[in-house]
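Read the single chain below, which is given as structure tokens and is the form predicted alone.
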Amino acid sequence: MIVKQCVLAVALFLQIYSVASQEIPSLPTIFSDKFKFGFGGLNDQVVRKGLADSSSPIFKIVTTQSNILSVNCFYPRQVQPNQADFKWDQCAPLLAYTKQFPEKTLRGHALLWPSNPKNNLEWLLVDANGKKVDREEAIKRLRTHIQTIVGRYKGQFQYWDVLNEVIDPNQSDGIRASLWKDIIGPQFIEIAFSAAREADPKAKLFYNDFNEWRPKKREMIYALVKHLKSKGLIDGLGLQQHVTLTEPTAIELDRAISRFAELGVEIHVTELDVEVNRDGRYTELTAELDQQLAKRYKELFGIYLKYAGQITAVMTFNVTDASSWLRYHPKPHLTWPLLFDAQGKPKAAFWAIADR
């Protein structure tokens, strides 16, 4: 009996040791014949700190688990706080990391975000006396903003999110209300893309948005991208994919991506995460919830893989549960939306998509 117990104990130890010492597979390698895999949201303070420390879990995860990165330090408020000044210090630490790995594809996010009061760049539209500038001056300032950024990093970024979250289904023309729209008109969209195209003709230009699976918004996004493509101004569409365990349904998501695939542009999943505790019901990631999350990620990647080739990149937002923006949205709460836990260990969701 004692011998049998010893044998079982040794076997259990070996099993635990095997799992603990198991090398984590590389998702970019697993999906290499389908699409690139990586991370967005690198501007988060937790991620920035991790990327500056080569011994940190975040550094190791980003280094080994990505071949594409969406660098989101280009929000207008950070880059151009006033008309006269451009500031690059916010981006310098992230770019210092990326320069260590020139093989990684880079996306720049985002040149204009009209819906965000902190980043709508509307401070450029008011002169020193508080008077709104005229249309010609507004166009000049928009072009200067975009061309200064894209021109500075010409050749370093393969992709740019030129505009973020411009579509509003509640507007008759589908374009979100903003001072840019008031002064320039809806044409500010074409002007922004044209400025970026001129600044770096080789970079691929994207439009990026959320809730892109909802039918009315889906069709408005479709129409915008189709129009920009007809002008030769756009190369791709970014689907944020901030989803929950139940929304969108697999059918809704499949239908949306199928529709966007008709456009013949590249599609990137740019900001993927799965909210599992929006109402704050859970105080920990239970085994049941962990498995629900894994099942959801497997379902999502099943759809992404269906459109591989049209979908050319998938990125989560951002790296570990400890750095997720959802912890504070819409108010502070516990949540576990990503593939890696707060300590940087792969969760069941990671293994669910790694098992092809």
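For every residue, the number given is its place in the sequence shown, counted from 1. Just so we're clear, the structure is a prediction, and the values are computed from it rather than from any experiment.
Below, we refer to the form predicted together with alpha-D-galactopyranose (GLA), which is not included among the displayed structures.
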Residues F74, R107 and Q156 all lining alpha-D-galactopyranose (GLA) in the predicted bound form, heavy atom within 4.5 Å
no
Can any non-hydrogen atom of R176 be found within 4.5 angstroms of alpha-D-galactopyranose (GLA) in the predicted bound form?
no
When the contact criterion is heavy atoms within 4.5 Å, does W113 count as touching alpha-D-galactopyranose (GLA) in the predicted bound form?
yes
Report yes if any heavy atom of D235 sits within 4.5 Å of a heavy atom of alpha-D-galactopyranose (GLA) in the predicted bound form; otherwise report no.
no
Any chance N277 has a heavy atom within 4.5 Å of alpha-D-galactopyranose (GLA) in the predicted bound form?
no
Contacting member of Q240, Q147, T98, N120, with respect to alpha-D-galactopyranose (GLA) in the predicted bound form [4.5 Å, heavy atom]:
Q240
Based on heavy atom distances of at most 4.5 Å to alpha-D-galactopyranose (GLA) in the predicted bound form, which listed stretch, 160-168, 184-192, 83-91, 250-258, is the contact stretch?
160-168
Taking alpha-D-galactopyranose (GLA) in the predicted bound form, which residues of 293-319 have any heavy atom within 4.5 Å of it?
F317
